[in-house]
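As a starting point, one isolated chain is supplied in structure tokens, in the form predicted alone.
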Amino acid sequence: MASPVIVVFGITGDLSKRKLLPALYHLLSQDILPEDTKIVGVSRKDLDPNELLNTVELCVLERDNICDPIGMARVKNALSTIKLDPTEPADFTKLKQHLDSFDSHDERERLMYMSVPADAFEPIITNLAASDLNGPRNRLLLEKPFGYDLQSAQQLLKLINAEFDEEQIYRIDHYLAKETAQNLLAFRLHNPIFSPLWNAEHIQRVHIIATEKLGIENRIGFYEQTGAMRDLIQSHLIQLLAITMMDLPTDMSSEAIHVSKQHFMEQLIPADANTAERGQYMGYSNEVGIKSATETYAKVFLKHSAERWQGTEIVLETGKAMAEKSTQIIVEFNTPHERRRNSLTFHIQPNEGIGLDLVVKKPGFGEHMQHAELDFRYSDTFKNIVEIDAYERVLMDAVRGDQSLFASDREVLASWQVLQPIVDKWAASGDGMHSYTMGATPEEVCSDRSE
């Protein structure tokens, strides 16, 4: 593999410090990325590389959180920084000269990682193209949210597609890079005992829920513009839904997977905004310094138009400052003779694994039944396997040119079309906002609802 150049716009941001730089350290220290890889940190201010590294907990992915001296040396050798104003074309000329200086022996692939607010995309993309940094060896990695609503997403697509080809564009969804999410398609493909049951006749409900114990922390500007639905449901959860329920692709190629995902998402019925629920944890407005109508909890109910899924309930739910950190996909089967349904649960994080809930007879002379779970955990079965962080996989797939885990433009538009009715209603009014205490369970957030 040729040594790439990874350009991080927003190198001093929270995402870069918490996720990208630790992932790059681990990839370099484990010889997964070539030693001669180059990392270029782009910032609005003059920045010393060593001072930047001193502000980062670089080795959080290591078991003992201790950096290997050789790995540290590789990161320091790889990292350079450059001051750049996104609106100043001359700064992009300097960036191009800096990148060209790495091409003494061969032309390297360049990853342009946009770890910046969405409103910075337009000037950066325009100036990249004007500086001839949009050729075939330049790949554009975009963090979500991709647009603010359907109209802004369409405008952003128009801008990017005018300067970059679709095969150069990588719209990041790090949830799809998590190990259990990766296993979803493999599970469905290689366990055919479930295939005849994968329809509305047998599946009553698909519930995808992602909760976090933490609040918004130091992401005030981002979160106040985004909210729970844009942050998780429009991107991560709707992508997980597609992987869970779509028709199996003809093969495991990137193209075939995207065809199946797109077909599924375009058949989702636009949401009924009157059924959607939202909440905000107590103290949020004090954190952001204004009386805010931004939701920190959201629950969306969807339906699918395909005959195969008519009648199956679809629920996407997320919240911050909740009782626990957990992401699960729960497939509930029709069990007319039981008050509690059989279920198949994919534990995305933490404690990655798969659980199957079954009804069994209790020992003894009676006919008393109870539920028991067959439980598989990655950590128990694969004890000596080095775990791959989601951002490590995102970076390596982009280096290899594999777009399987990245959202296509039509998938992005389809997700916004489904959720636009809720976006419009919530923008027009703050009515229906539930208030909940930090540490609440999902059931407690909207305790006055009836289901």
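Since we're looking at a predicted model, the values are computed, not measured. Numbers follow the displayed sequence, beginning with 1.
Although not depicted, the form predicted in complex with a small molecule is the subject of the following passage.
Screening Ile208, Leu232, Ala298, Met322 for any heavy atom within 4.5 Å of the small molecule in the model of the complex leaves a single hit, Leu232.
The partner is absent here, but in the model of the complex a heavy atom of His236, alone among Arg110, Arg278, His236, His347, sits within 4.5 Å of the small molecule. Residues of just one listed stretch (112 to 120, 211 to 219, 368 to 376, 195 to 203) have heavy atoms within 4.5 Å of the small molecule in the model of the complex: 211 to 219. Using a 4.5 Å cutoff between non-hydrogen atoms, Tyr175 counts as a contact of the small molecule in the model of the complex.
Although the partner is absent here, Lys144 sits close enough that one of its heavy atoms falls within 4.5 Å of the small molecule in the model of the complex.
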